[in-house]
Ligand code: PEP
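Let's start with one chain on its own, the form predicted alone, as structure tokens.
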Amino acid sequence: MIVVMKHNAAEEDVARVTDKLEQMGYGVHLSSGENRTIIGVIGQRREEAAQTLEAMPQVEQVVFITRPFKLAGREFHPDNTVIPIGEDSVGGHELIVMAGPCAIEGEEQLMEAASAVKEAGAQVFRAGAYKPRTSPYSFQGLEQEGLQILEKVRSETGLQIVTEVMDQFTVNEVAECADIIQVGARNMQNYYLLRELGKIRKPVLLKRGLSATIEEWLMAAEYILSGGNYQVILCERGIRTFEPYTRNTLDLSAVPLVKHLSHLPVIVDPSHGTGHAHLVPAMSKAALAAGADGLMIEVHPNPEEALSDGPQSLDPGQFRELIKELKGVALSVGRLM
């Protein structure tokens, strides 16, 4: 349930209600908007508890939430969540672009890629040090060495870094390097990892699972939010269907639907969503038109030589042209790039 405080409720009034809730054995999460404070209450539904709370003078009403995702839902947090990313943000008026190669292959490759995406206009550099691969014989990433190279990229370019964490045991190690910690599609329902990410205070990019429903995706976000980390960015990256002509089926209808259900920002990964570089420009434009708050695009200096996901990667020239085209789309939907 949620407790809606009156417009004139002071901080001590909110504290009085939260103290009462904790005495009743509930978990408490605050959402302070421009007009009023909403208290998210986690625990068993009890009518008598609601009646007690509504009797308190600064409580306007108590509302029971029927959807299973409480903290991720708009009932708890009606305003859009805006998450600072360095000097930029995601979820606000300006769109954000995360770009870079799928995997870190070496320092020279990474520096070349980082310089290219920054020059084109990307604010965040993406690259994987740890790579979850379907085949055990595929390139698995440079791991700790890769993280060290990423730190050098940030130091020399000023770009923010997003990179993937594989399990709960390496969260702190990745968090020391990353400005945004990515949870890949295969780990969306790794609940031990999600709980650990709820303890940190850094943005988490949560990719939709390979065959996850919208509700399962938002419930995964709920694990992180319930741990106290409210900086969750959702990423639609395509789901598995019967269609063989694309790597995945990019579900762009998920963008406006999730933004209707949830206050969390949503970005789109058209590279994994399609698996083909020639489809990335069209799907990038469509994603912005659908209301996405940003994009994650794979860019490699030499896609034909990439150790991972070369067929879906743009080269620097293609990425530069795409950014120019996207600026016009952004303006048409009232956003800025």
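This structure is a prediction, so every number in the text was calculated from the model and none was measured. The first residue of the sequence shown is number 1, and the count goes up from there.
Although it is not shown, the form predicted in complex with the named molecule is what the next lines describe.
Taking the partner from elsewhere, no residue among His29, Glu75 and Glu222 has a non-hydrogen atom within 4.5 angstroms of the named molecule in the predicted complex.
Here is the short version: of Pro203, Gly184, Gly91, Gly198, the single residue with a heavy atom within 4.5 Å of the named molecule in the predicted complex is Gly184. Contact annotation: Pro132 falls within 4.5 Å of the named molecule in the predicted complex, judged by heavy atom distances. Proximity of Leu150 to the named molecule in the predicted complex falls outside the 4.5 Å heavy atom cutoff.
In the predicted complex, the named molecule lies within 4.5 Å of some heavy atom of His272.
Among residues of the shown chain, Asp293 is not one whose heavy atoms approach the named molecule to within 4.5 Å in the predicted complex. Of the candidate stretches 249-257, 173-181, 124-132, 211-219, only 124-132 has residues with heavy atoms within 4.5 Å of the named molecule in the predicted complex. Contact annotation for 94-114: a single residue, Cys102, has a non-hydrogen atom within 4.5 angstroms of the named molecule in the predicted complex.
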